[in-house]
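Take a look at this one chain, the form predicted on its own, written out in structure tokens.
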């Protein structure tokens, strides 16, 4: 590979690191206001990161040219590696006293919007560190949207590009200029965050809790300011606010832009939205009815807790209002399978995602038809649009890569001495960016503190792998990628 390709990929990562360094001043200001000494740590990390990043940017700056596919793959991976490492600096150097593996794990969990944590005692944590966790998830969330809408479709490894939504095509773009779409996208992301914060405050959260939880809700990240997560708050109002905004954040942001900025109601007809809302409604309804029959508790309380916790799992947010593994074997089984699902393409959620299930279902249907009529021509459609072979191949490759990565990560975790349930659900929740797994250790009532450093490194890599849709990382392991 030419050095110019690496230089081209390094420059945007360095520029983005400058912005991340600047964002460290926000928790510094909060700690300074509350009289916590960690503000000095944030300032030092900000200045050091900014200086190093500017130096690298100056050394790698070159005339703007059209990047190759390989340089784009490198940009994607380097951006997320940089964000994970830079985000870990305050965790490693602040009063928390996390070791390197723990600091990187917490940072990677934040920027991939996974929500797994190695920190106990959140209720007594300095406000600056709590805010930094939320900021990292919020930045990661908008990065995930951009990744799903712009970069992964360009690399043909996942997602639909912003101009290929159901209600539009490349000849009739909803926005003629890329920059106008990007501004609208960020505007909608910020607007939803603000509305979510106001709704949380109206439902009874403190202002600080409302802002933090709004950022991690819209990012479908799941970090909380309390060890008990949403179990800390009383009443169903907070749970319903969280449920609504988690579901909104799991919708395609390209569709939300069309709907809010252009009033395009037809944009909501995207098939993946119907499937996503369909399986959320089905799972919540069936489990709520089953819990009502077996427990006899008030149905409004059952429905609120079921909708919140399973919307959290399906959208890969990771909040919990109670330990749903105590609801019985049926709930645990549903939670396991719900971990695979995910939201829509171009949203902040992880998982396999609804559009892939639609394409896999259409491929299965066409395959069965070809068994009956071997010489017929069967066009595979997503809504009204024909899905080309390239998209079909990327979906199949993703599923194969997903299963292979899951097996490898599970084996590595079990090699550290973890039991089967912890290993298989820990690797799964990392790969789908959900957050909590199952079992007493990493379940909704636990955390990842007891795991070994090696296990934390494995899970950090797995979280990045899942967030970058697997293929964008695996392609870098192919020797031909590095050959000229």
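What you see is a predicted model; the values in this text were computed from it and never measured. Positions refer to the first chain, counted from 1.
Unshown form predicted in complex with another copy of the chain; subsequent notes refer to it.
- Exactly one listed residue, out of 461, 474, 20, 25, brings a non-hydrogen atom to within 4.5 Å of another copy of the chain in the predicted complex: 474.
- Only one of the listed residues (208, 336, 260, 279) places a non-hydrogen atom within 4.5 angstroms of another copy of the chain in the predicted complex, and that residue is 336.
- Segments offered: 343-351, 391-399, 234-242, 299-307. Contacting another copy of the chain in the predicted complex at heavy atom distances within 4.5 Å is 391-399.
- Put simply, residue 121 is far from another copy of the chain in the predicted complex: not one heavy atom of it is within 4.5 Å.
- Put simply, residue 455 is far from another copy of the chain in the predicted complex: not one heavy atom of it is within 4.5 Å.
- Although the partner is absent from this view, residue 371 contacts another copy of the chain in the predicted complex, with a non-hydrogen atom inside 4.5 angstroms.
- Taking the partner from the other structure, another copy of the chain in the predicted complex has no heavy atom within 4.5 Å of any heavy atom of residue 431.
- Highlighted residues 415, 418 and 421: every one comes within 4.5 Å of another copy of the chain in the predicted complex, counting any heavy atom.
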